[in-house]
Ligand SMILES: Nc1nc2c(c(=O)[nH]1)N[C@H]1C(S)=C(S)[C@@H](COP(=O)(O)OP(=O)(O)OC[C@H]3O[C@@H](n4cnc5c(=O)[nH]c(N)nc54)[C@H](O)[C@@H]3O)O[C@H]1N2
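Presented as C-alpha cells, the chain that follows is alone, the form predicted on its own.
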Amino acid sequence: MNKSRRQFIKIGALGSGGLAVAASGYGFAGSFLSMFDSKDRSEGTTLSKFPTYCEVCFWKCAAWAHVNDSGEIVKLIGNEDDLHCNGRLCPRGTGGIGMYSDEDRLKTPLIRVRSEKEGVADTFREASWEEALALVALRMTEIKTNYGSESFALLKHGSSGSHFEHLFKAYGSDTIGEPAYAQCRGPREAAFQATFGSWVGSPEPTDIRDTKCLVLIGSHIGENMHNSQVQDLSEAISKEAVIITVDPRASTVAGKSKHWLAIKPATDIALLLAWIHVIIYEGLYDAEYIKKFTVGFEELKKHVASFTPEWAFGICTIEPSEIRKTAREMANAAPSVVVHPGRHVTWYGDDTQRERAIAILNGILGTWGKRGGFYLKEGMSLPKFPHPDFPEPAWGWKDLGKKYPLAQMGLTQEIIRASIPELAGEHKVKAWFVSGTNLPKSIPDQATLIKAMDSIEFLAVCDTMPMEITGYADVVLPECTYLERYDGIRSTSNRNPSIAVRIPAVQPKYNSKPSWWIAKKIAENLDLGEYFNFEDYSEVIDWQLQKLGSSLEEMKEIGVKNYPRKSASMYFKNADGFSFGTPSGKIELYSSTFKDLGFDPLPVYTAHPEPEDGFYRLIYGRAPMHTFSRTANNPNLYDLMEENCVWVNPKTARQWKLKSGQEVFLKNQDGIVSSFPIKIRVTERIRWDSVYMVHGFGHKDDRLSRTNKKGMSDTDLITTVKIDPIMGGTGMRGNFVTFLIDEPNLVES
C-alpha cells in the first residue's frame, strides 16, 4: 500500500530537539444576564488596562484587558461604550484569558519531517521563523511558477484572515474562501439580498429590544451567545414580548417562549408557507406597506392559496390551531415583530428558499425599517492604507463557484473539490494556506476533505492552538492570541456607526507572532514588501484613525468611538423615494432575480429523505460557553463544559434501554462510526425522531491535553451533504445515526 502523502500527525512528537508536550447541561438562572460577568475581583491591586475586542467568538465585543505589575493579564471587562456588549462580556469573552494562558498553545514554528518507511509516522521538528517563512515563500514561488498563483488557495476565518487575504491578493490569488459563508450564513444573505436588496450582515439589524413578537426558527439566541442580541432578548422578555420558538429541541430560549413548536425536522418551509397563507387570507397583512414598498403580492397570494395549516399539519406535525394562533400573534404585533433570519442556516440544501420564506414573511408583516422589526443599520467604511494595485488573477473563487450563480463569496467545498485531480475542472488548486479555521471540525464530508489534503502539494497552517488541521500541515506557524497583537480596526454596521481597536496588552508568549507580521514577512520573501509599507501595524491603524478624525493615542484611552448617524432615523418615516437594492427598487416578494436564473421565484416545499427504522436525525448546535471547536481546550471554559452529550427522547431511550450517563458509539447512514463514545442524556427536550449534541468536541490530537478524546464530533458523522443550488451552501442536517451500545470495531471517520 502506498504511503499517504499527508499523514495526520496525531501526537506532539517532534524530531530531535523536540518541543515538550503537557500531559453538562446548561441554562439560565433567573435572567439571561446572569451569564454575563464583569465583576472586578482584583480590588487592591495596581492594574494597567489596554483596549481590545474579543476573538473568542466573532461578535467582536470591545473590552479592556487588565494587566498586573507582573505583566500578566488578570481580567477582561467589557467596554461600556460599546454597542456590541454595553460593558458586559459573555462567559466566552470573560474566558478569553484562557486562550492566552493555555500551556497547550502552539509555541514555535514547526516543519514536517517525512518518514519514508511504511508504518512509521511523520513527525514535526522545531524551526526558526526565518526557516519556516522562507519555506512558505519558496513553495508559493514554486506554485506560481508551475501552475499560476491562482492555484494557491487561502482558507480563513477571523481577524487574522484579513492580513493573509491582503497577502494573497498581492501575490495574485483570489482563490479565497471561509466556512462562515458556505457552511453558515450564505443562504440567508442570498435570500435577503434578493428580497430586500441587502445582506443581513453581522450583527443582524434585528430590533429585538423593542419588539413585541420575536420568532426564532432554529435560532438559539442565548446559546450562540451573540452578546448584544442576548441582552436585547433579556430586555424584550422583561417587557413581556411574545416569543415563538420553532425547533425540534427545547432550546434554552424555548423555555422563555410563549409558544414552542416542536417541528418535525426538515419541514420548516411548509410551516412558513402556512403562516403566510393565514396572514394573507385572514387579511392580517400591512396593506399600505405592501402597496408602497413591495412587488409580487398577488403572485404570492395565488401561490400560497392551497398551503393551509391543515396541509402543513400533515408535514410538520404542528396543529393547525397552533399555526393560526402563532400567525395571529405575529400579525397583532406587526410591524413590531422580528422573524429572525438565523445565523447558522445551512441545513437541508434548500436553505436559500427557506430563508426567502422568512424574508417574505417579514415583508408582508411590514417589519423592514420599523421599530421593533428590522432597523436600518449604518456603518463606516475604513480608509484603505496606501498600497499598489493588486494584480488581476486569471481565475479565482468566482470561477470555481460559477455553477452557483448567487454565491457572493468563495465556497470552501469548491476549493476543496478543485484540489482533487479527478474532481477538479478547468481550474486546479495545488496548495493551501489555512488561517484560524479548523477544517476537520467545520467542513462536512471528511473523506473528501482528507483526500484533498492528501492531493495538494503543500499545506501551511497558522493558528494559536494545535487543532486537527495542524496535524496535516507541512508548516505550522504559531500565531499569538488576540490579547497579544494589533489587528484591523473593528468597524461594523449597527444602530450607530462605531469603531473599536485591538491593542496588545502583553508581549506575545513563547515564540508566537501576530498574523500581520507573518503576512508581511512572507511578502518580503516574495519581493512584495511594497504591499506592506509599514514597520509595525500600529502605523496602519493610526493612519486610518487620523483619517476618521481620531488617533491611536486617543483610541488607546477610550477603546471605542461612536459616531452620529448620517441618516436621521433607524426607521422609515416618510420613506417616499426610498429604493431597495433589488432590480425593481422594492421588496421583491416574487423574486425577479430567482426567476431570471431559473429558480423558483416563490419558495416551494419539497420533502426531504426520512431515516430508516432505528435511525434518528442528527441535530447539532452551540453552547454558551464554547465557540465551535476553538475553545474546547481553553482552561477557563473547559471547566464550564468539558464534553458534549447526546440528547435522546425518553421514548427512544426506552426502546433502546438507554440511561442517562451511559456511553454509546453512534453510526450514521453511510456506516461511519464515531471515533469516540458519547454519554447519553435522556430528556423530553428533544423529539423522539432526532438526537442532538453540541458541536465542537471529539478532538483527536494529543497536544490538546484537556479536550483530546472528550465527547464526540458531529462533523465526523456528517457524510451526506446536499448542496444549495442557488448559492452553494452545504446542507448538513440530512444525516441520521443509530446507537452502538457495545463497543464497536472502530472505523476511523
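Just so it is clear, the model here is predicted, and its values are computed rather than measured. Residue numbers here begin at 1 and follow the sequence given.
This protein has a second form, the form predicted in complex with the named molecule, left out of what is shown; the following refers to that one.
- The partner is absent here, but in the model of the complex a heavy atom of K441, alone among K441, K370, H277, H163, sits within 4.5 Å of the named molecule.
- The listed set S629, T294, S512, S419 contains one residue whose heavy atoms approach the named molecule in the model of the complex to within 4.5 Å, identified as S629.
- Relative to the named molecule in the model of the complex, residues Q183, D247 and G342 are all within 4.5 Å by at least one heavy atom.
- Taking the partner from the other structure, the named molecule in the model of the complex has a heavy atom within 4.5 Å of a heavy atom of T437.
- In the model of the complex, at least one heavy atom of E223 sits within 4.5 Å of a heavy atom of the named molecule.
- Using a 4.5 angstroms threshold between heavy atoms, D701 stays clear of the named molecule in the model of the complex.
- In the model of the complex, no heavy atom of D350 sits within 4.5 Å of the named molecule.
- Stretch 629 to 637 is the contacting one of 535 to 543, 109 to 117, 551 to 559, 629 to 637, since its residues have non-hydrogen atoms within 4.5 Å of the named molecule in the model of the complex.
- Along 257 to 292, these residues reach a heavy atom to within 4.5 Å of the named molecule in the model of the complex: I263, P265, A266, D268.
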